[in-house]
Structures are given as structure tokens and as C-alpha cells.
Ligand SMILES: Cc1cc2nc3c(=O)[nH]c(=O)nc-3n(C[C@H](O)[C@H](O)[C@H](O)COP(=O)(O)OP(=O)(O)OC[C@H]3O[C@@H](n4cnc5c(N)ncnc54)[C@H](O)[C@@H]3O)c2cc1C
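Listed next as C-alpha cells is one chain, alone, in the form predicted alone.
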Amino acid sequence: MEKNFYDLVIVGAGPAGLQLARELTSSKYKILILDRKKSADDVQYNTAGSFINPKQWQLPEEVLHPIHKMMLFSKNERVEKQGLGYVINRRKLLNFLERECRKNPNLEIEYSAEVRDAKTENSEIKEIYYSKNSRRITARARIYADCSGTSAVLGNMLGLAQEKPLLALGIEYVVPLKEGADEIDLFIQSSLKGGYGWIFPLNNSRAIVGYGTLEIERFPIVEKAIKSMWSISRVAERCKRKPYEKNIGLLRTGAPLERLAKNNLIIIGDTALQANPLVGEGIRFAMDSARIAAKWVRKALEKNRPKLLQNYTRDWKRKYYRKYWLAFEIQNRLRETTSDDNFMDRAVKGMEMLSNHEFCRLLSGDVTHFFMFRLRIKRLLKKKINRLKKFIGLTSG
């Protein structure tokens, strides 16, 4: 059996794993990335709307398709707002991140490599075993990072990842786009059977029409649900039902975790339920979580003190924990009401009062209790003003 030694082993070459390695490119540490897929861009799901800042993350233009108009539809209402967002080309993003990682001469990436088992001692990982080309290989490291997404392969072994998280299932068609290359549409109405739909342009001629649900009992009918979206006039106006691709993906979601590190293991990205529970956006949050984690991975390696990894949990919770809990609570509320057209019509109608900035902030998942309280006060004041205007009109008449 082959045995190799590293400072850091990363399981998963998605946005979280590659960004973690990218953050450590200038380090002298020996890093191994393992992934069972065939290459960086071997992905089965394209949907990736985001309010990511390209300059902050030094992303090339080819990775992003800009969006300037966002529309939300219920059965009988619609709201339209302006703002700058992006549809991320997931394949191009992962290829870019991989190229950045490979600038580190001490980095190794093994594709078609599947982690099979691990040797643990006192809840600490001593070594892992993975298979590649029928070979069984051992890798030993000072620190391990589980960025394996829904597999949560190491996180499950140490009881760090949530064993039974909520699962969201998404299905997407990549189809010809007729119009509106800089517009995204979101749909919430009873015809979607408790789920939600979207149109995300990939470029000037292609778009993703997608459908997602958190209801496990609806997983078997997602194919039927996405086909039914063409009964919505807006979908038929913008997109032809001639799929170039059909993809299905699972997302781990749920309440934010209390612990993201245990001894010499950290979890990042979907493994750690770090996709925003309200909007389902994962890439931006996975990359930012990897950046937070990288700071403490570096310090833990420098001082040879894995206990310093606990500070990653602390820093992540300071930035996201309360927001994610609120987002999770709103997610649960929406699950109960998305089949109620009257409720959703009122909710969408009420969003007309939001400024473009407030709407984009809500759509980005950047919610706090104070922000939601302020929106509620704004809505109540508008109602009172409208009543006063109506009263003045009646009395003057």
C-alpha cells in the first residue's frame, strides 16, 4: 500500500476545497486535494446565481454573466427591481480556481480518487485511505478539510457533519434563450407544488430553467414539475423547451451547525451546511468560509497546534450564525406558505415598496432581525399613509 505524507489533505475539489487551497498558494505546506470526479469542471449542476463581488475574489469576466434586472412572480403578482448580480459559470469557475491552486508547487490534485475509510484515534484522524485506478493509497496529514459536499465523508466519520440534514433537490434544463439576457426570474406559486422555479441566463443565447423543492415526497415528481413550468406564460415567452442538458443536484441545508472543527478536522461548504438557507446560494458562502478557515489552517500548521482550528468556528459564527438562523426560520415559513397563492400574492405585492438595494439584499440572503424589523415598520407606515390618503380623498370629495 502506498503511503504519502502531507500538511493538509482536502477532500473535495469544489468551490470550498479549491478556494481553501487557493488561499494557501503562497505557503510552503504540502497539500493534497482528492475528488472522485474526473476533472475540476466535471460537474452535474449549473445553477449558480450570486451577488459575488468579482474584484474582491479576483475573478475573470469569463466566469460571470452579469444580471441587471430581477423579477419575482407569484400567481397574480410580480415585482421588478434593478441591481447588479451574476450567474456564475460553475465549470469555468472551477477551472479558474484549479489553475490558481496549481501555482503552488507543493500542491497535488488527485481526481478519480475516492476516500474509502480513515483511521481515527481519540476522535482525531490519523490517516485516510483512498482508491485510484484500483490502487489503495494511504494519505497522512496534520490537518484534514472535508469539502466533499453531500457526501460529508470525513465529517460523518467524526460526527462533525449533521447525519440527517434537510435536503433540497434541484432539477435544471439548459435551454435556448429568446430574450432578456440580463434578467433573472423567480417563481413561487401553487402550480409548482410547494417548490420554486427560476430562469437564469448563462449567456446571450442560453439559460437555465430550474425547479427546486425541500419536500422529500415531491422528489419523484421534479421532472413533471419542471416541464409544467412552460405553462407559465413568462417562461414560455423567454425560453424554448428544447433542453441541451438536463441535470439534477442535491443540496444539504438546515439550521447552522454549532461546530465546524474537531481536533484536526474542519468542514467547509455544503458539508457544513454553509449554503444560505433562505436563497440556496452556496458558491459565494463556501468560498468565504474557506477564506475564514484558511487563516486558522495556516496558523495551526505554523504553530503545530490543531486546537487553533476551533477559531474558524468562532469567526464563522460571528459573521454568519445569527443570519443563518433567521434565514432558516424564514425558509421554514416559506415551506408552509408557497402553496398558498393568496399569501404569496400579498407578499410579492408588498415587495413593491422595497428599494432596489433592499430587494437585492433580501435576495442575497443578507438578512438580520434589525433589517427585517425595519422592513416591517416601513410596510406598516406605508399602509397608514395609504389609509390617510384615502381618508383625505373621501373627506375632500
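Everything numeric in this text was worked out from a predicted model, so none of it was measured. Throughout, we count residues from 1 along the sequence that is shown.
What comes next is about the form predicted in complex with the named molecule, which does not appear here.
Residues within 4.5 angstroms of the named molecule in the model of the complex, judged by any non-hydrogen atom, belong to 44-52 and to none of the other stretches in 44-52, 355-363, 339-347, 58-66. In the model of the complex, the named molecule lies within 4.5 Å of some heavy atom of Glu281. The shortest heavy atom separation between Asp270 and the named molecule in the model of the complex is within 4.5 Å. The named molecule in the model of the complex is not approached by Val9, whose heavy atoms all lie more than 4.5 angstroms from it. Heavy atoms of Leu20 never reach within 4.5 Å of the named molecule in the model of the complex, leaving it off the interface. Contact with the named molecule in the model of the complex, defined as a heavy atom within 4.5 Å, holds for exactly one of Val209, Ala275, Val297, Ala261, namely Ala275. For the options Gln189, Ser151, Thr313, Gln162, the one in contact with the named molecule in the model of the complex, meaning a heavy atom within 4.5 Å, is Ser151. With contact defined as any non-hydrogen atom lying within 4.5 angstroms of the named molecule in the model of the complex, the contacting residues in 93-114 are Ala113, Glu114, given in sequence order.
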